[in-house]
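In structure tokens, one chain follows: the form predicted alone.
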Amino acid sequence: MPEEDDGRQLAARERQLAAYERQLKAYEGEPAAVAGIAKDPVDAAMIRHWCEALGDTNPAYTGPDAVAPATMLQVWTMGGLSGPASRTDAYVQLLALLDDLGCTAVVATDSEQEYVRPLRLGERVTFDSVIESVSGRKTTKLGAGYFVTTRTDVRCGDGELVGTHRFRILKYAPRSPASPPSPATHLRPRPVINRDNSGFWQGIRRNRLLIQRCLACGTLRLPWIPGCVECGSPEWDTREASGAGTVYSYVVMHHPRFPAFDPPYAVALVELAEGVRLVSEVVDVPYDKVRIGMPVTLEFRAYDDELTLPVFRSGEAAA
């Protein structure tokens, strides 16, 4: 009898969860923000702060004819400490429903942007957002929850589209520290793959490390990004890395502890022979033997059935 009671209770919880998830899905396509207006126009001071923080010295961002770096797109739509004034009841209700499910914590996971044209000094953007998708229930290292993706269309003037910004959050129920980790937490973290870097990871699955090359000026770049940081050209192809490199820098991780890793271990910034750099791991070398300038050689290591990563082996051992 107790087993039958447990079974009925489990079935009831599953039905209740399914009902909640149908409610969550009903918000897909609903507006998240309507008729938003930037609190400030595009201005030189904000552009300067941004460029100084990133070390970006591109002359296109200075002077009377300056344009804003494309990656600042979200900056002009942010609500600041006073909060977003254009948020809709639908989005507030969605977040409240997730709270009711115990998903009271939130973390931003990733974003994607598309640019139509640069923003110029003095322009003031307007924007509308839509709830693009709500995932099914996912189990993560932080806890079980739901990914919510919003898409914001950013416009200028009479409604000219200048860019699109997708923003994804995870609303989750924090896992109790006393709870044992699920088997999934023993797996290596998965890379966030999007339209900008999917080609890189397709290459990794074929045991090829592909570097982007600008077709206008020939500059190589890694990680993959939509445009050239030197000339701004969006046209590119790829060049396969030779596999030779040196340790440019490294840190030794002691904390925090992750089940998929065995600290202490070294995280290395490897400079490839082509001149670009990649954060990776020097395998089969004790953490206290990794050093700056160590020659290394690329290899591809499968950590499970779904994940292969580029790692490096000491070139000194092979010499």
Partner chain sequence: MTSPSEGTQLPPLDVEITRTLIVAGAIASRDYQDVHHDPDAARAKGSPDIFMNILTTNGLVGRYLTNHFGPHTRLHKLAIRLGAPNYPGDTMRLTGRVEQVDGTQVTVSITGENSLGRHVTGTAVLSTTPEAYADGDAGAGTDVDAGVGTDGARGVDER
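Residue numbers count along the first chain shown, from 1. Owing to the predicted nature of the structure, the values given are computational and were not obtained by experimental measurement.
What comes next is about the form predicted together with its partner chain, which is not displayed.
> Even though its partner chain is not shown here, does R120 get within 4.5 Å of it in the predicted bound form, heavy atoms only?
Replying inline: Because a heavy atom of R120 falls inside 4.5 Å of its partner chain in the predicted bound form, the answer is yes.
> Does Y265 reach its partner chain in the predicted bound form if we count a contact as any heavy atom within 4.5 Å?
Replying inline: Y265: no, not in contact with its partner chain in the predicted bound form.
> So in the predicted bound form, does G55 come within 4.5 Å of its partner chain, heavy atom to heavy atom?
Replying inline: Contact check for G55: yes, within 4.5 Å of its partner chain in the predicted bound form.
>> A60 versus its partner chain, in the predicted bound form: is there a non-hydrogen atom within 4.5 Å?
In response: Yes - in the predicted bound form, heavy atoms of A60 and its partner chain come within 4.5 Å of each other.
>> Checking a candidate spot here: are Y20, T139 and Y146 all in contact with its partner chain in the predicted bound form (at least one heavy atom each within 4.5 Å)?
In response: So, no: the whole triplet misses its partner chain.
> Heavy atoms within 4.5 Å of its partner chain in the predicted bound form: which of the stretches 125 to 133, 221 to 229, 239 to 247, 164 to 172 has them?
Replying inline: That would be stretch 164 to 172.
>> Which residue, M46, M253, A273, V283, is the contact with its partner chain in the predicted bound form, using a 4.5 Å heavy atom cutoff?
In response: Residue within 4.5 Å of the partner: M46.
> If you check V67, L278, M294, A33 against its partner chain in the predicted bound form, which one has a heavy atom within 4.5 Å?
Replying inline: The residue in contact is V67.
>> Suppose contact means any heavy atom within 4.5 Å; which members of 67 to 98 contact its partner chain in the predicted bound form?
In response: Sequence-ordered list: V67, A70, T71, Q74, V75, M78, G79, G80, L81.
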